[in-house]
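Just the one chain here, laid out as structure tokens, in the form predicted alone.
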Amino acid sequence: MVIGIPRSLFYYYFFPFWSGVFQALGLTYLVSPETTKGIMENGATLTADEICLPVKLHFGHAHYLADKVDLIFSPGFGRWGRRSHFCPKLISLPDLTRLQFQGTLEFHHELDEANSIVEEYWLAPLRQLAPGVKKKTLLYALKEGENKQAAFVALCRQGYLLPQAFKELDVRLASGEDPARMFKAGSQQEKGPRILVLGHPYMVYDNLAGQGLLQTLTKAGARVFTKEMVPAAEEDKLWPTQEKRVFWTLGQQMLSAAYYYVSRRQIDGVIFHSACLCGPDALIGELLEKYLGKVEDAPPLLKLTVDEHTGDAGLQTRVEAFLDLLEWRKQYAAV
């Protein structure tokens, strides 16, 4: 039996956990390739017009896998902590996917107050994937996945961008080295503008949804920072003018990351990268602009909103113009 894992949505963050669990149980899985225009077009055909780009891409990747695997892994994402949640579209994802593709096994990916996976939602579907396996073995597999995820998160906090962290983790595991022994990444430029890129991982790191944003910044010599690099103790702190925590954990993490870097004056500019039709991001973008407006000499903010019609050239031009603005601001005046 082969399990198909779409390279979409929270593949870009939770894949170490998923792969660790499946590998510990001896299960075979196939990951869909990088997003192509064909995958995006198929996803847009299978979904309603008002669905956001990341969900459209998810359905496109599921369509790619449908005739190549026995089961499609399309987990739902519900609770994150005590009073926070993922987007409603992601909560209902297993039901939506099952309507289009037979053989979609129902998983629910929820996290408790300590950011740990809620195991009870995994045991029943894992028993279907590995019938006859004892509960002790299933719990061991979940622990292996959690260890691999923890090592991946540690790499991100040390300064690795997510793709680099994926590769570094695989290298360490293949060599038998303890992945918990982390060190700071030294792959970024020592000079150049310091840019904080905020956005969901499935927007920033998907090659089509991201529209080459990270590549454009890297080519220009910029030093890129993301919310995944923020220390654990800082990732949920509120702005001084923020009256309460926002409803969506990922949105709060983006606001907290901005506060962490802005308050320490460690960045020169902020890029907020979001999907058109994303309701939570529309609110987070407005709050981010509001809070930055109250900070003396705050770094400039560039808001990028993309959908399936956005062209690479237009986005690249806006990013290059933003970098030119930062250089001018540094040399001549405060904007």
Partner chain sequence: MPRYKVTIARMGTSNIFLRSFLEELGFEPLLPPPITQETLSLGSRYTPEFACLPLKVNLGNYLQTLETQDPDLIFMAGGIGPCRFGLYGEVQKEILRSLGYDLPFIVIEPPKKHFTEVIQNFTRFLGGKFWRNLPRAIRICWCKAKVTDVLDKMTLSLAPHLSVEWRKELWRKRDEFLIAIDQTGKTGRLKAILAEAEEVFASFPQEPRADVFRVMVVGEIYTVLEPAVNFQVERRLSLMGIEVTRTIYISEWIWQQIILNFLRIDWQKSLREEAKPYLSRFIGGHGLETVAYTVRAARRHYDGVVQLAPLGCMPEVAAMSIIGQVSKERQIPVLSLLMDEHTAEAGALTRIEAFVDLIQNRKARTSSGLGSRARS
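Since the model is a prediction, treat every value here as computed from it, not as a measurement. Positions refer to the first chain, counted from 1.
Form predicted in complex with the partner chain: not shown, discussed below.
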item: In the predicted complex, residue 305 touching the partner chain (heavy atom, 4.5 Å); value: yes
item: Exercise: residue 286 in contact with the partner chain in the predicted complex, heavy atom 4.5 Å; value: yes
item: Any non-hydrogen atom of residue 279 within 4.5 angstroms of the partner chain in the predicted complex; value: yes
item: Close approach of residue 225 to the partner chain in the predicted complex, 4.5 Å, heavy atom; value: no
item: 138, 91, 105, 214 - the one with a heavy atom within 4.5 Å of the partner chain in the predicted complex; value: 91
item: In the predicted complex, the one of 113, 119, 234, 95 near the partner chain [non-hydrogen atom within 4.5 angstroms]; value: 95
item: Stretch in contact, per heavy atom within 4.5 angstroms of the partner chain in the predicted complex, of 244-252, 148-156, 166-174, 123-131; value: 244-252
